[in-house]
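First, one chain by itself in structure tokens, the form predicted on its own.
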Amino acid sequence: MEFQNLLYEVEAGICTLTINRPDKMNALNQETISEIGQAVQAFEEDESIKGMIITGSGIKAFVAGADIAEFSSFSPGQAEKMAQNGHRVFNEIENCFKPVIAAVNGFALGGGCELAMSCHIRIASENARFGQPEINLGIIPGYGGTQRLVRHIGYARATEMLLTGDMLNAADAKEAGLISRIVMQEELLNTCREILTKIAQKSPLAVAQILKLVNRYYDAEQGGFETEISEFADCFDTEDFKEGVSAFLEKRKAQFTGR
């Protein structure tokens, strides 16, 4: 398949989906989110493909975040639509009946961390960094980060990360339970392929049932995702958001006023 911002490659029953915006550290603009949704749908519909790897181009970034320049002038209504689209695509990944592995090859920040968390398994290279730094812009995560981060690393650690914007390195992410393995960067994709090859030898029905039931563990929390979308949109009507984005684009420290 041909995409503007993605590479979609299938070999030996495994699809490798590469976010391919190296000049933007693979940041997620709205077109890229839409293309990921199309790619995941194609993956689900192709019976010959048994698993998917999602990674980023280059060696510095998996996905360094959302494209801040794109949404800097969004209205609350536009921000709400942006968050809804992101949730729809990431929920599609999470609820896929075939395994999806995030091969995290560098920075996974903001939307990148949220994309990785929507995958069933996360394998990271030694240089991986995870974080939800949205608070530095005067906003909150908008693609499920407030919910999935708590799921994966627990209330206390997630709350600290969300409120400080601090990052976890690969070793800390593994200790916290956010990732299952750390490997050398040159071994990352092969490790993911080996895992998917092993899973492909199992019963497809059993695999689908396990993925469905693991996700059912969190069904009672689904309301939090809808609240996140609404609160994310509200952030775009504040002076703090305007200041946070301006400071980021101007490469200076933000001065928040609480308005």
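Please read these numbers as outputs of a predicted model, since none were measured by experiment. Numbering starts at 1 and runs along the sequence shown.
Not on display, but discussed next: the form predicted in complex with ligand COA.
- Interface membership of residue 248, defined by any non-hydrogen atom within 4.5 Å of ligand COA in the predicted bound form, is confirmed.
- Although the partner is absent here, residue 202 sits far enough away that none of its heavy atoms falls within 4.5 Å of ligand COA in the predicted bound form.
- Although the partner is absent here, residue 67 is a contact residue: one of its heavy atoms lies within 4.5 angstroms of ligand COA in the predicted bound form.
- In the predicted bound form, no heavy atom of residue 90 sits within 4.5 Å of ligand COA.
- Comment: ligand COA is not present in this chain, but in the predicted bound form one of 123, 83, 137, 117 has a heavy atom within 4.5 Å of it, namely 137.
- In terms of contact with ligand COA in the predicted bound form, the residue from 233, 27, 52, 192 that brings a heavy atom within 4.5 Å is 27.
- Of the stretches 90-98, 153-161, 181-189, 67-75, only 67-75 has residues with a heavy atom within 4.5 Å of ligand COA in the predicted bound form.
- Residues are counted as partner-facing when one of their heavy atoms sits within 4.5 Å of ligand COA in the predicted bound form; in 155-170 only 167 qualifies.
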